[in-house]
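Next up is one chain by itself, shown in structure tokens, the form predicted alone.
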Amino acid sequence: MAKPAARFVCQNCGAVTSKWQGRCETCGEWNTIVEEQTEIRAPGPAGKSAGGRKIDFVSLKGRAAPPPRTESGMAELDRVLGGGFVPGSVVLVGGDPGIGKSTILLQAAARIANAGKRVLYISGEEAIDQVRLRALRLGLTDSPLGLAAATSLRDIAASLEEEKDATLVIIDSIQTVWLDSLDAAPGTVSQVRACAAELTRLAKTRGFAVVLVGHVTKEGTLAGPRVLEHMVDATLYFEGDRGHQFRILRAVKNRFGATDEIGVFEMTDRGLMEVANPSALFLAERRGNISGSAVFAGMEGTRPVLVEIQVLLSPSPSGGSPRRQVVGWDSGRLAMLMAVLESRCRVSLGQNDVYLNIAGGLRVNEPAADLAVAAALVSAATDRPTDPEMVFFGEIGLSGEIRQVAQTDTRLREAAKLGFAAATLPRRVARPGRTASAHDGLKLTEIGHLADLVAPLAAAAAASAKPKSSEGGTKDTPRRKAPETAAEA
């Protein structure tokens, strides 16, 4: 009998090395490499595989019926999933501790159980009484939900094999489940991989949907091997700040629906409540008369979302190294936009501390937010508010040009629905066969260069400056004047 071979696996990224070392060369983490045992299997006869069977190949032609769905009763969760839970699918849900993962899954499980479906909730982190206390707080104690507390994969698999009509199984969490045949601690790479593979096999063979709750690292990514995300059918991230009542459920992978779709929830004392119109909620406390503010018409998956971008400029007390504090956006992209404004439009920002915030706790990732951020920056620099009835969207290049973005009509329709009267967007290029579409009376301002955005705000700031002195100059002359046209830039 061959001896088991030893290998060393990083518990943070799953990288395998031949010997132990203090620092993982792949992810850079310290003291995460652990020795694991693996069996050496004798190879089959040379030139052929033993015990295999021939597989059938088919053509690309043909069409399968759409997979059936089990709706959760929560429209925002169903939107992220693509319409509901698919039988035989495996969904991985990750998020920071205390963000609401267990709460939303318990609410969804209770609603599905109330609809007459067999739902099982297996907790590996909390005792049964702790789950019952949460259900009592959420008003779910009358739900016919099957509840258990277990961590042994053998016990869980044996119990699920006996289930004849289960629709949904929730494992909270996969890092607590362990297989006794593996000489490794629960939560290690080998344990997570083996347990997830067995639960996936059960889901495919028995036909029920499985939801795995996953821990996240300090960087916000799912803990454990990266292969875990490849094994599952959908990966959902729960985002949000504990200081805000809003929670964002984002799909980053979905084999049965759109990716980058989001669902918006509000955390209350009765659990997570759905937010049907997140744009109105994000803009509810907006004051349109303040400089440094602009409304961005963004897209999250197939849903248009309007959010307020806020910028505050303050003279740097240190003078040498101004601060750049960003919440909800990419700080590297902010530095690029400030460089474009200074180089192409002569807007001086370098000696100021810059604070940028996406109001409401939403994180914006698409480049279309460039124009709205630039509008907020210029508004703060000139101390002139933007038009409170206007939305902005467009990508900005390094030469200052405004590039087109996708789904323009969807963004404009959402702005018109919320009562906005105008929009600043990239100059659209006429294409053969393209027809002009109506946008409910929106006044569209199409610009091709960043200087076209800077000039009106700079002109308004100059008009409100102090009157000219007898020498012909002004008492308060700005250090730099924005160009009147794109050619001057």
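In this text, all values refer to a predicted model and were calculated from it rather than measured experimentally. Quick note: we count residues from 1 along the sequence shown, nothing fancier.
The same protein has a further form, the form predicted together with thymidine-5'-diphosphate (TYD), not shown here; the description that follows concerns it.
- In the predicted bound form, thymidine-5'-diphosphate (TYD) stays beyond 4.5 Å of every heavy atom belonging to Asn289.
- Contact between Thr205 and thymidine-5'-diphosphate (TYD) in the predicted bound form is not found at the 4.5 Å heavy atom cutoff.
- The closest heavy atom approach of Arg137 to thymidine-5'-diphosphate (TYD) in the predicted bound form falls within 4.5 Å.
- Contact check for Lys164: no non-hydrogen atom falls within 4.5 Å of thymidine-5'-diphosphate (TYD) in the predicted bound form.
- When you look in the predicted bound form, the only residue of Thr382, Thr103, Asn357, Asn352 with a non-hydrogen atom within 4.5 Å of thymidine-5'-diphosphate (TYD) is Thr103.
- Proximity to thymidine-5'-diphosphate (TYD) in the predicted bound form, taken as a non-hydrogen atom within 4.5 angstroms, holds for one residue of Pro317, Pro97, Gly116, Gly332, which is Pro97.
- Residues of just one listed stretch (412-420, 289-297, 68-76, 262-270) have heavy atoms within 4.5 Å of thymidine-5'-diphosphate (TYD) in the predicted bound form: 262-270.
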